[in-house]
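In structure tokens, one chain follows: the form predicted alone.
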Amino acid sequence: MDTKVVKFGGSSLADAEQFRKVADIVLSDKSRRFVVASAPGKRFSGDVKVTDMLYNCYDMAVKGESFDRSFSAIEARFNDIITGLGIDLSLDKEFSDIKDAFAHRAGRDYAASRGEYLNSIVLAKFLGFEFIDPAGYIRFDETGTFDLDTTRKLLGEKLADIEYAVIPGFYGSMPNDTIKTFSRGGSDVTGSIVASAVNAVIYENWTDVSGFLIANPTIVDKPEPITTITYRELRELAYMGAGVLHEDAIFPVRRANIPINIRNTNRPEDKGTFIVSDTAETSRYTITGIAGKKGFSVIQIEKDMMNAEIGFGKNVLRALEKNNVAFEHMPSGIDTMSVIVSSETLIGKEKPVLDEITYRCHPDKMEIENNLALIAVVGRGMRKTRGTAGRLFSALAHARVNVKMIDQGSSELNIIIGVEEEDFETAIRAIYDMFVLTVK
């Protein structure tokens, strides 16, 4: 039987009603054999995630303060779910063990992981699945670096003889058996790891949105969904700030060539977005997505015959390196070079950076320009479509947006432009209108 690994986020498991939706989804397909669960998320605006409640309790314990009242609120969250589901389950022993571990300062990673741990026990009981604690199978080395090869072996062997199981997301263990959590998108990472370990045919990531959208919905009104996106396109959009899966959550399944399907727990009929290694599927639009972010500065450098001066670019980068400033892009001309950096990393270092470049490169003119926003237009269809750049700049010109910087990779997978921060939203809407609305 083909195996699907399904992961549910915190909003999908926030209360008993959401648990029932999850159960309907899981039990509707026998190939959904392994379920990865997050800690309960917010039930409503203004609510507090259980993970944040656990952090707060643990901090109180470390300070020697009484945390009984705060921990009782956590107990109530889980007991409300159990009562709402009508299952015969008590977590009293688990609550007692966790409180004792807090009092003995078991660590913030341990504290943070208990939301997934408890929620998975409840979900396993409700589904009638086996509960698997990942602490024994998801491994980190002595430095805290995740060990994929060891984990795949241990987890693969454990799950080989299990038909159905629920596995908490977000954590594993160190060689000394202390709990270690993933730094970002922890449950997403666990789902990807489990899918890789069991050679799943697909990894379904269930959340509160029906996949990815072509543009930010806070900027563009009701943007079209992305039906299929490649890992390379995803990386480009994620780099430019799009709210997509973190690279750590992608690597295990990408390495195993397993597709990811982003689905909506509240709208299970929606197909969502498929993330694949490669695809012959043609997109309805030339572009796949638009993403961008503000907060950049550009160091403008001019010098006659710059192109003939061997080592000029290397010396500019050495000046940045000496001041611990990383560069994002470096478009250049015959006698000019523009170095794009994060404004935040440049704060307080403007003069030392300029002085160092002057010392090493002796430019004719140099200045720093702030308040720059970068926008990436990404799409595999751009490679085969003539006039993409022309349409892009025509749209921006029509919207009266001045382009400050242009950078296109040799793969022709993306075009990155720099605009004034005040033109950021206008530019994104203009690009969307040109490549999407005109096609609809």
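Quantities reported herein were computed from a predicted structural model and do not represent experimental measurements. Numbers for residues come from their place in the sequence shown, where the first is 1.
Not on display, but discussed next: the form predicted together with aspartic acid.
In the predicted bound form, segment of 394-402, 25-33, 46-54, 367-375 with a heavy atom within 4.5 Å of aspartic acid: It is 46-54 that comes within 4.5 Å of the partner.
Answer option from 289, 292, 186, 134, heavy atom within 4.5 Å of aspartic acid in the predicted bound form: By the 4.5 Å criterion, the partner-contacting residue is 186.
Contact flag, residue 170 vs aspartic acid in the predicted bound form, heavy atom cut 4.5 Å: Contact check for residue 170: yes, within 4.5 Å of aspartic acid in the predicted bound form.
Consider residue 116 of the chain shown here, and say whether it contacts aspartic acid in the predicted bound form, taking contact as heavy atoms within 4.5 Å. Yes - in the predicted bound form, heavy atoms of residue 116 and aspartic acid come within 4.5 Å of each other.
Using a 4.5 Å cut-off on any heavy atom, which residues of 18-41 would contact aspartic acid in the predicted bound form? Sequence-ordered list: 38, 39.
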